[in-house]
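This document contains two forms of one protein chain, each encoded as structure tokens and listed individually as structure 1 and structure 2.
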Structure 1
């Protein structure tokens, strides 16, 4: 079996004794087929017993061993050492704690911020069963009904999407991808009765409409869940339920109307249609500066060539949606 010396550069930090985080370097002989977690276990057992990390199932199920490997959030138990070798294979493999979460020690992070956001946003099913009847009778879900949430139920709350989310990085109060995925999963569970209440909660400040569409959450999901599709579906559901008073919903509606009307965005009136009169007036100094720099958007927007084809697409989409709602 192929075997070689592999270098590891591991993030270390014990707040009880260390003023600043630092990196430890280790070099061990590794066989092809060994995972990052097994390498970490070897280092802890033979080289540095104080090295701290989380692990449990070692089968990609519990999600507890999620760390950043060469700058990307992954499960240590399913990531092969050989797959992480770079260059000629002599470069060290960088192992760090998840991003966007407080470090407790070494590779262990505090997941309480994720749990608190889940609690605040009704990340559970409230069935239409009286409390006294709970556990007394079944509430069946058909195969067809379950298919809508099948992929979302694969989430193991490992925190990889939370770690990779660019919006969470700049705004720790942002609701985060795993919470929005849970909201999608619960809202599309046929047993649930909290749909409107949950949507109202997740669509507030720092919520659903703040997603930056960077797709990092879906790209780095260890279970390959289409998280962004779930976020888009939540937004569609808000319009279906006529919950369109939020700034995010008005912003999306303005985009929708402009493209259907002219094929171009009417930027000059976008703040007014999104923010309302009061907040738009606060932007007057910025608008004046833009005008002085010659960056004022045009007030009159001409339709793009072929706008009739664009409008035809809209008509077909609206007809399909009406037919779908009629079928339901």
Structure 2
């Protein structure tokens, strides 16, 4: 069995005692195949009993052991020490608490903010079955119906995506990826009846349209759930339900309209069409400065050659859509 001395550099902080966080270094002999969680357990048992972290199932199911390993949010129980060795294998492995959440102690963070957001955003099924008939009547979900939400139901609420999210990092009130994923999952559950209401709730301030589509959440989801596809699907649903009065929806609509009219985005009027007059006026000073450098987009955009073909595509697609809606 391959065995190696491995250095760990672990974040320590007890807010009740320590003035500020610090790092502790440990060196332990580790066999290939050992997980980060088992290494942490070893350190706690043999070297530093006060080291605090959270874990339960040790099998990637409960979601409680998520930490940042070498800067990336992961489950300690499914991540192998060997896979985290960098440099010539001698660099210490950095273990830190999740980002974007308050530290309770060492590697343990307070996940209440996530739970609060889940509660605020109807992250459960409101079934069609009347209260009185609950437990007596079945509401079956077919395999085909389940397929649409299958991946999303794998979420174990570990908080890794929350920790990685670019928008949550700069705005703690942002709805956050696991909550958007839940909204997608519930809105596409055939038993649910809350569609519009939930969508209205999640698309408010600090909500659905604030996602910067940086894809960090999906990239680092420990269950490989395509979270951003779920976010996209929610935005599509906003249009399907004609809930298009937000700035985010108007912004998307502008792209759609411009491709039909010229084939090119008309950036000059994009702020106006997204934000309206008042907020656009605030942008005038920067626009004026950019104008002096020749960086303001033109107000008149020449259509691309062959724009008639593009408009033809739009006409036919819209006719198809109208026919489909008429047929429903």
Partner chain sequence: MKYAYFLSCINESMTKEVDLSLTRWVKDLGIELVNLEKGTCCGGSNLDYVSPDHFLVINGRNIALAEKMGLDLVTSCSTCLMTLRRAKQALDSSPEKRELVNGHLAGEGLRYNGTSDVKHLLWVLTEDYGLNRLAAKVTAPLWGVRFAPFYGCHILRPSSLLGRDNPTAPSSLDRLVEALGGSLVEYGSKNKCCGFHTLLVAEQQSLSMTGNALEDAVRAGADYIVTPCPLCHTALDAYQDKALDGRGVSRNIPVLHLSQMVGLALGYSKEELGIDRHMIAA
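Think of the rigid core as the biggest set of C-alphas that the two forms share within 1.5 Å after superposition. Quantities reported herein were computed from a predicted structural model and do not represent experimental measurements. Residue numbers count along the first chain shown, from 1.
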{"property": "Of structures 1 and 2, the one that is the form predicted together with the partner chain", "result": "2"}
{"property": "Rigid-part rotation between structures 1 and 2 - which of 115, 255, 78, 147 lies at its hinge", "result": "255"}
{"property": "Turn angle in ° for the smaller rigid piece between structures 1 and 2", "result": "13"}
{"property": "Distance moved by the residue 318 C-alpha between structures 1 and 2 (core-aligned, Å)", "result": "4.9"}
